[in-house]
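Starting off, we have a lone chain in the form predicted on its own, written out as structure tokens.
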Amino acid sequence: MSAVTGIENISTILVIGAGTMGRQIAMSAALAGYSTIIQDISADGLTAARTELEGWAASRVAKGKLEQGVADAALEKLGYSTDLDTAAATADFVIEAATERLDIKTSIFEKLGVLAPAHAILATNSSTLGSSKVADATGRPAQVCNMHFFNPALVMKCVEVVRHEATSDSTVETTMELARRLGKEPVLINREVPGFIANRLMGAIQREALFLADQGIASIEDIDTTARTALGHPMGPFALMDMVGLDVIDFIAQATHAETGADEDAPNPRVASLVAEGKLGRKSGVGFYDYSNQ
């Protein structure tokens, strides 16, 4: 097996998945000067990604937050492809941001193990699935890790880098340094644990907030107000769940509970009920709060 590529040898980054996370991760890489390919099986998804990123860049330029030349250079660095075979062939670093389903991810990583250059690092953006679940499928488990960005990836600074038992030190070092070069502040998680750091902290706060509301101890509004005015949180736990998406919150709880089996990690019935009703938060217009007039 060839040695893992060092940070200085990374010139081309492949992002798999043209959804919200994938396209923003790709733009972050392009802004940092990397030739970046967004690959997705959906041509329509790629078109939507291109339209959104061009609009984002134009908006930032109009607001004086991005120089026109920098925006143009970044957009020039972006490529779009439905062909994984071709896209993977020249990638020095791959970030998978596809659907959060293990069968899909395993299939992708199995293909990457064959298609990507021997030196390439293969990272997953998964927020719930440890990379050990897909590492062996690649035939190069030492070069596999989690590189978990947060939404919106163009704004949020944190990146959780998670190693599994077989991840090499050089893979970790290169991934951490790449995150820094993308303008992020990476944190290293030395052992896989369901939810990593951020989701575990967030989950603990959300569970307590839901308990207080379910018991009638305080209203949703007052719990959120307390989090903001007493703890200095930018938004309360219920507003945050609405922003993330209650379907995502419920999925994370399901995935965590499947891993741990712990009662405290079980999905919350109130959240599950809202999801069943199609009340997913901001993206659906209603969740814990009503956004129909916003």
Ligand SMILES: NC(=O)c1ccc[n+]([C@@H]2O[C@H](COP(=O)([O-])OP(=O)(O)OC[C@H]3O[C@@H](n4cnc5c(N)ncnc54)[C@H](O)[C@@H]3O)[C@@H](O)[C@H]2O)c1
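Note that the structure is a prediction, hence the values are computed from the model and not measured. Counting begins at 1, following the sequence as shown.
There is another form of this protein, the form predicted together with this ligand, and it is not shown here; the text below is about that form.
Undergrad: Taking 4.5 Å between heavy atoms as the contact cutoff, choose which of S126, S168, S132, Q206 touches this ligand in the predicted bound form.
TA: Filtering the options by heavy-atom distance leaves S126.
Undergrad: Find the only residue in I108, A91, V144, V159 having a heavy atom within 4.5 Å of this ligand in the predicted bound form.
TA: None of the other options qualify; the answer is I108.
Undergrad: Is E177 close to this ligand in the predicted bound form, meaning a heavy atom pair under 4.5 Å apart or at it?
TA: Although this ligand is absent here, E177 would stay clear of it in the predicted bound form, with no heavy atoms inside 4.5 Å.
Undergrad: Classify N151 as contacting or not contacting this ligand in the predicted bound form by the rule of any non-hydrogen atom within 4.5 angstroms, answering yes or no.
TA: Flag for N151 set to yes.
Undergrad: Do G281 and this ligand come within 4.5 Å of each other in the predicted bound form, heavy atoms counted?
TA: Contact check for G281: no, nothing within 4.5 Å of this ligand in the predicted bound form.
Undergrad: I'd like to know whether T20 contacts this ligand in the predicted bound form, with contact meaning heavy atoms within 4.5 angstroms.
TA: Flag for T20 set to yes.
Undergrad: From the candidate stretches 21-29, 5-13, 282-290, 266-274, select the single one in contact with this ligand in the predicted bound form, where contact means a heavy atom within 4.5 Å.
TA: That would be stretch 21-29.
Undergrad: Using the arrangement in the predicted bound form, list in sequence order the residues of 28-47 with any heavy atom within 4.5 angstroms of this ligand.
TA: Read in sequence order, the residues that approach this ligand (within 4.5 Å, in the predicted bound form) are Q39, D40, I41, S42.
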